[in-house]
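Listed next as structure tokens: two forms of one protein chain, kept apart as structure 1 and structure 2.
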Structure 1
Amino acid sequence: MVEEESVRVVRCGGSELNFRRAVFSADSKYIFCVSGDFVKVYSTATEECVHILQGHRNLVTGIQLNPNNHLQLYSCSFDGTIKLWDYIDGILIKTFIVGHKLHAFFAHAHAEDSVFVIIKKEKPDAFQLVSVKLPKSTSQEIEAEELSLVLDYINQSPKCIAFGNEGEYVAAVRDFYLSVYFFKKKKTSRFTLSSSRNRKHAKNNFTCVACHPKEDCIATGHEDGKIRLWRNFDDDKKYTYTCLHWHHDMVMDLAFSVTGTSLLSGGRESVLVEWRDAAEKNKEFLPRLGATIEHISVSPAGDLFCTSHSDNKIIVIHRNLEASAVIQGLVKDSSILTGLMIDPRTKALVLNGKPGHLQFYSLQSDKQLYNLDIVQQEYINDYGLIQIELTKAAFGCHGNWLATVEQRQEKKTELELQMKLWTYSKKTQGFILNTKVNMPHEDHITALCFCNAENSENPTLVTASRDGHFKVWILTDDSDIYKKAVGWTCDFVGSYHKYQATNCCFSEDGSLLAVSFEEIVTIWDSETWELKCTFCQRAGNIRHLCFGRLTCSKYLLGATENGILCCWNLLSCALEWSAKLNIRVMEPDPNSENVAAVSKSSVGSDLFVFKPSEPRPLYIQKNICREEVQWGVFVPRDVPESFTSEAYQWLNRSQFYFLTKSQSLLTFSTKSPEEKLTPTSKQLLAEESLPTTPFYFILGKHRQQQDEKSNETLENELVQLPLTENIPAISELLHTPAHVLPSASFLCSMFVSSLLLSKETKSAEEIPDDIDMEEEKESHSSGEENDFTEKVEDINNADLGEDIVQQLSKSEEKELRKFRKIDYSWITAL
């Protein structure tokens, strides 16, 4: 396995959950949402991700339940395929190859074996709604090429298309008109709103459309916040509409409830509005949803709504307008100013989240852990308003301290600046504001760093600013007669010839501080705050500055704006080497000497990994992505990998994550695609994450106690019979649907042998292996790969042969997994 490894760039979580409307399952137990190339299945009760449906090779652009079988889900993607899934087991049932790039998907029960997709014509900005006939065939991959045009020149967004009255008509909106196509009459009616440039009608354009489920009524949302309810639209002359106006900004999405008695609307106000009986006066609100509502969907059972928000969040809402669950992905709403950081405690990725917040995002579970409100002011959601921005943040002292800087600049001369220092409270398990410094500097703060030396007795923070100063802040005793307290005060102010301070950095042991003043790097003694020496290369302003680590701690690295990377030896106070490299990101690995640098070239970004001691890079990967890389960070691994290959050794201790300009979070992975199977653990999770019923409380608990008791008794008897639940083979057997299982005779021997007690207790070697494997699994589930390829069965077979002999349970697992693979062809052959 090790020999086959190759490092590839993979997308790792954090993809947009709010790209399309989420879809509920028929029983409202699950909610589906598109997430990059995958479809994620969440439980509405527990907010857990139950399945990830992977198979598309490009962005998934539409999902909908199969109207003829509510246990199946259709999805379409930019890769030109429509896939049909069994979402309960997470199995791909069929793939229909259409060939065009598919932008949206619609299906309804009354169009037999036809579905509707939006495709793009040759002309730019001209999209078509076409119906695709899905041929009936037993094979797994079917070409569906029978396309027929329904509506031309439509908006690409699926929000602008709606099917009404059991598929009798389809309504599409674009710009200033609404077109309705009647399938029976094969006639299109078009209604145009006045689009004159005057103030009153300038924002009349349509933004979204929804059709009443029972009546001939179309609701359209508009940019000026109006909702129009159209009726009589089968008559070109007698058509009429009603206006509902509450939103002051664009209506982002509309949805009718299942019975059609109420209409839901949402927009930038972050308020879900329920219009009852389509009456202007009879409306209910669910306010303070946090961010712009982008999509609204309604469960087929009618008991739940859900809203997708611009901060990559899905809120599941009860019929009585109470939010019941929140599925929060990586917030990508705002621009990332703080960069990527790792919280030393939780190992979570920390970056800008919602406006004025810092988000803690778990890379392992692709889930937001929590939000820290830094600005602590009501966010007013209005276009053109200058907000307080969180610009800098840094962790110090093993995560005990957090420093943040926020700024707001309305005019050039009016800068509002605030630095906050937060302490970690063990009691509340969160950060508490300790010190607030108003205007710590006269001008923008350009850098912020803690002294993270192991033995430093006093926490120290350095801020560098464009006003030409750097300030050293230390923690001092702030106790008074009322309480014991500590606070931060300024200890030292340094400057160098009135140059702007651009970067600052502490050496690993904390003895030296490097501050760059435009083109010059100054080295200060952190004990006495004396200027020790200066380096100047005259190669442009210093953009990045960092000390080497471990064996390379005598080196200082600096990257300049003119594309020069310099390495100075601090002992000789001389330039050790320099290289021409236009560096955008430079990140030292905290666990090794390695430094990763990402440079920008004309075609994309290149990665270089090197040790400061030698100018020759350890590893080069050209063109890691097409866009500019904005930020990068090394995330220490919990369990080190053991790459033998020289080139990948830098990935042993830490993993490198980076964020591109379009805010996709990428990383390097060596996992081969076949390892990225849906892990069984996750499937079991599906079962576990189901809500506990009252029945469970009566019987289940009781049973658990019994189990425990029996466990105890068993231990006493020193005969350790494995519980059936704990043997993977058995649970696998029990959880695999019966119709895909091979014949019982085939399974029997394996099943029996699994029940046998092995002679020796678990071997010492096995334990780390297991952990390893689990670890792997975990990272597969989180590390969603960009270019997932179909599984190669041969390899699996080869692996299997060896494994059966050694590890029974593990091999069985694989065996079963293989059967599962086989069963597709096996069924279709019937």
Structure 2
Amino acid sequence: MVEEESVRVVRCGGSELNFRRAVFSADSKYIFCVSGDFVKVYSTATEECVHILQGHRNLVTGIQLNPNNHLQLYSCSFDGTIKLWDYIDGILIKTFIVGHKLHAFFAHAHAEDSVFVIIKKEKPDAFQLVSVKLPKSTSQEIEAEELSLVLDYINQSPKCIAFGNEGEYVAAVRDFYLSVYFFKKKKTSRFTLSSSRNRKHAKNNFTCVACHPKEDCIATGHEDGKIRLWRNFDDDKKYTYTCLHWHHDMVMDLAFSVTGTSLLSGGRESVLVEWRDAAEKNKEFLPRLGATIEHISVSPAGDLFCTSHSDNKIIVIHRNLEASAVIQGLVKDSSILTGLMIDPRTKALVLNGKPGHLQFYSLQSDKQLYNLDIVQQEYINDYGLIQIELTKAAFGCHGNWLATVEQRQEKKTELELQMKLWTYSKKTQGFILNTKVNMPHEDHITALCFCNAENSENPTLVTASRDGHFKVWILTDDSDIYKKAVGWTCDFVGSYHKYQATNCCFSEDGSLLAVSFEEIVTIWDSETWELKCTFCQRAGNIRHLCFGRLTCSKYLLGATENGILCCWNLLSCALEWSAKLNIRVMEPDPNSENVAAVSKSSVGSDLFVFKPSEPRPLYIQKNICREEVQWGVFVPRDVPESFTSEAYQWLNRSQFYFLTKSQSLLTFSTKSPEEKLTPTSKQLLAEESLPTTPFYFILGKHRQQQDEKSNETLENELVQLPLTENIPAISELLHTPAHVLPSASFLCSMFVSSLLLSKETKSAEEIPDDIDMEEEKESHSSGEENDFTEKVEDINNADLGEDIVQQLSKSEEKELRKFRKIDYSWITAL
């Protein structure tokens, strides 16, 4: 049973992994990245998330290894605290309360008990780099109020701050200025580039900075794609710089290798450039990384690099410029036009991903499964170019069909519209294009839906458009003499007084189709496509439309733009009830009668859960988030919850996810993100302990139980192995990736050894019946009296658990004596 107080709104995923530079562990086994309010720890070998460091109450803005202890990690946040973590165990060690909103974090070994953070001044767009003294104390929460100014009027981005030559100086860039502060001299040097408006110097702005680890050299990136290497900057007059130029657009980030022999740069070209020995001719490339490079990081060991990209992914790269791992988060598209959908097959969240793609995202592992290329055209990254947009998508027939709509429009009269229908192939385990329809409507398509009724014989798709029509598409036989094939064709076109069609949906049994035409809702018979009735409240255009389910299937819900929620009774063809709610999202639960509606208020968004049969809500939660909720979806649970309270029973069968305007994915949950990690993921931090595997949970416990019971079991009882179908560890083993498990030779020997029966528990029934005839003759020649005496002694020595010794017959005595002479020591060698 789950307590009511444990239900809360949590960030379940979708946070930006590319918000700040990723950080490697000292041994390059793990990589840390900021993810909203958390810090995630990933394995560089398996791409698995092994820990989620949670404790900050606001956005995490900086992370860095403790320079004095490489098993610890610092993090800072907008909540005004600096936290020190033991990332191996995921334990919070200390919290330093600074009291200011922290925008970035820096630490190096030569700064005694001090770290550096970026804070905001009272003036707008004015930031300072300050040093924070971290006091030593045994308490877990410590106030760190001793701040000292280092640099003023700097950029808030950590890419514009770099410490060089073992912390002797710090360089900061902003606009057209490069500032260098020397800690020993306590002097600041400032260098300025030309900011004239002529074409030659129009894009001299600094974008990033990096310092050589061993030499007095500063590398700066610029908006015009140039890289400048500054030397002799300790003298304001004798400084020099050289230029490296390959990028055609701004340089997004720079990073020196550990030895300083190479300089890495990246930008919008999606190409990682390695400048060796800081020479124009000696450069290597790693192209086609998929998206703009936002950040570049280098491991302390120097064997790995990593790049953070604008499509919310991190690529781990070997020193020889070969990609070895990809950690893909939820792709943040500029606009989510398709809404949130659930793939019936994989239970993955489906929505807009990369331009022209649908992304399939695992909610359980907070990881992208794969991308489906819908547009199937090369994306040209050019600002101002009008791209083809994926605007609508819908699943049908239990995931067997997928419909997508893409469009491109440069002028009002130049609309390019295309609808594609994809079929799921069991052979390729993916979707294959089946039918392509050019210009299915004369204007923008506003909605599309499949008839997903279980008794539906022929798949049916309905599209609604601003051209005033809705069209019914059915699957037909398209076979010829060469091959068997099926295709989609238009079966019916409907309209209502030339009003624009805005929404459409099927009833649960598929017998009725509801299509909204601006303020009017029309009901159609799906067999004959006859208009049955209309509903009109004159409360504004219909924004959302859905049928009730199960016992509430006789109701139809409609939300208008003027903030009115209406519920119509289909049996009486009358308005059942109405409420004043400015609904932005309305989603029915596929597993119950419940409907979730999210309304916009002055302070944020509110959630209402209700049944169409009664206007009284089952559950209300005000201010679930401060921003507007754009999309929502119910996800069926694999294992139902056990809420007993009526207010929380709507969460038993399904879980409600919603996406905010800033594209944060939130949900109502009873578990923290750390608890959602699979046991397999957590065991990656203990890779050296090979018995800590799913096999250990099966065989280790079995061996312990067998040893405990060996002294209690009777000699004539068989050892019964546990039923494997009831052991959760076996299901865990079957779902564990092969690369996570130990070698097969190790598992096989351990598995076979555990199944062998010990000598003490052997029964007479297990002994083989093949007997040597010579031994049988010898047994007859021996005296009966001696045989009987030996047999009684053997029986008395055995632990039979009884006080009375049973007397055996002569034939039984002879058989037991023969078994004693057989050597079974070969079994122990297995």
Partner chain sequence: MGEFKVHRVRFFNYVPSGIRCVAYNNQSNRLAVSRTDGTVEIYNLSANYFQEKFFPGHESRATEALCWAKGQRLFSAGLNGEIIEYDLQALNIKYSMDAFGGPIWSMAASPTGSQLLVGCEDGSVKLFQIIPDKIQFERNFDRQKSRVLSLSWHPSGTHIAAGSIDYISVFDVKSGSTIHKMLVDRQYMGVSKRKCIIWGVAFLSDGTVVSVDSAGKVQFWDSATGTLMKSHLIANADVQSIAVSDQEDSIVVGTAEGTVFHFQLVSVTSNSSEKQWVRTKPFQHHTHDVRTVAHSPTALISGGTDTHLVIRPLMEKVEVKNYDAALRKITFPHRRLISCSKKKQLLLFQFSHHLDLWRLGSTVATGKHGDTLPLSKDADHLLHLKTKGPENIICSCISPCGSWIAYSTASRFFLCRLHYENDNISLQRISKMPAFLRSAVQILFSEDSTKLFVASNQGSLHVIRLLEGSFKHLHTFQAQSGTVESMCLLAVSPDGSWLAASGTSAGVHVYSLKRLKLHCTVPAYNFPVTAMAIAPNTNNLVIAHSDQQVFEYSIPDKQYTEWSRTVQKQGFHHLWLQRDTPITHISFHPKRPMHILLHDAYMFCIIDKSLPLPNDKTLLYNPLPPTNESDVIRRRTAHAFKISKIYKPLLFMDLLDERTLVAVERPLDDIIAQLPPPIKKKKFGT
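In this text the structure is predicted, and so the values were computed from the model without any measurement. Under this definition, the rigid core comprises the largest set of C-alpha atoms superposing within 1.5 Å between the forms. Throughout, residue numbering runs from 1 along the sequence of structure 1.
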- Query: Is the form predicted together with the partner chain structure 1 or structure 2?
  - Reply: 1
- Query: Rigid core fitted, is the C-alpha displacement of Arg637 between the two structures 2 Å or more?
  - Reply: no
- Query: Has the Cα of Asp443 moved 2 Å or more between the two structures, judged after a core fit?
  - Reply: no
- Is there a C-alpha shift of 2 Å or more at His497 between the two structures once the rigid core is superposed? no
